[in-house]
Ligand SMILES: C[S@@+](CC[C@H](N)C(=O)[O-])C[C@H]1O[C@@H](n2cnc3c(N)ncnc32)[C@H](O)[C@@H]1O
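Before any questions on how it binds or moves, here is one chain, the form predicted on its own, in structure tokens.
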């Protein structure tokens, strides 16, 4: 077979009802598609079996993680071109291939059959080892949340050092005046501290403390006394060593603890940076109530969280299968309005919402560049499949932020004392 690419392109365009926006290079060395476009490299016909068995994002993701599919050329451009197929068309979320699966048009059925013949006999191979197997039981129990966090974060601190760089901050940086990723992450941490109004001796609870970056910055630069909680043992080990190396063990305590089990309030301030995405809709009011109860009157919460766009029919919202199976098991994104409303229902006074969507696209591109630069070492430190997961997830996320499919916001909320002022400066955007 020396024309697999042409046959594959023809069949794909028949299914899509539109020209394929990328070039195809097949396992037999043949190529077809628009000249000069990024090239989707199909290294093995097994990839087609995966797509036919699970049409849409999950089938393609399995082929990518297994190394059966790759992109030659600009990965971001390829993802942007493919976004209309796998993300949105006509304002409704759909997969073109999944839509065809149930089509009655004989021409489309014939195209699907052609792909089946080209790909070889079903069923496909087993999913890659990096995929989370199907979970059972209620969402967001403490046990299930701990397992989900371990899947994402306990993949090796060496790997995260290569991707995140010296800052070891795994959330959106703030590119106000910064020229490097490290400067932008430092500026983000400082922005959070200023919004919280931290001063010498304040008690800060850092929920989802990661590798200790926020805790170190708040203690070293502002004199805060910090308690950081995480469900990742690898993060806790790393953070404790880092704190000891900084000589800050008298100011910072790191615990492997669920935020629902924190009982030693009140705190003057709480930072939650990139953690609330793990909480889930069924637990979000509990999360808001818990943080409210842990603050002193007048205490501030800085909630830094990714948000999705609202759906016309919220009951139709579905978690992205690739993200759920390979990246953030049980993670859920909520619209900004729902998050603000839930915080207010819990008793918080929301004082500021700061949208920094464009900053996350730039941050993710910096992480992808770090990963690609250190690719052999990164793959050795975890697995080649997991490195491919992170490359696809971060690049696709960058495109999502840049296309305004998702955003990220810093919400400053106060446990108001009941009367009088909130303590937040009138010219709050100065954050002095």
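This one's a predicted model, so the numbers in the text were calculated from it and none came from an experiment. Residue numbers count along the first chain shown, from 1.
Another form, the form predicted in complex with this ligand, is not on view; read the next lines as being about it.
Site check by superimposition: this ligand, modelled from its position in the predicted complex, clears the backbone and C-beta atoms of this form, with no atom inside 2.4 Å, and the site reads as open. In the predicted complex, residue 114 stays away from this ligand, with no heavy atom inside 4.5 Å. Although the partner is absent from this view, residue 259 contacts this ligand in the predicted complex, with a non-hydrogen atom inside 4.5 angstroms. Contact check for residue 195: no non-hydrogen atom falls within 4.5 Å of this ligand in the predicted complex. Remark: residue 209 counts among the residues lining this ligand in the predicted complex, judged by a heavy atom distance of 4.5 Å or less. A heavy atom within 4.5 Å of this ligand in the predicted complex is found for one listed residue only; from 232, 303, 339, 227, this is 232.
The partner is absent here, but in the predicted complex a heavy atom of 168, alone among 307, 243, 184, 168, sits within 4.5 Å of this ligand. You can rule out all but one of 292-300, 209-217, 173-181, 125-133: in the predicted complex, only 209-217 has residues with a heavy atom within 4.5 Å of this ligand. In the predicted complex, 259, 260, 273, 274, 275, 278 are the residues of 259-287 with at least one heavy atom within 4.5 Å of this ligand, listed from first to last.
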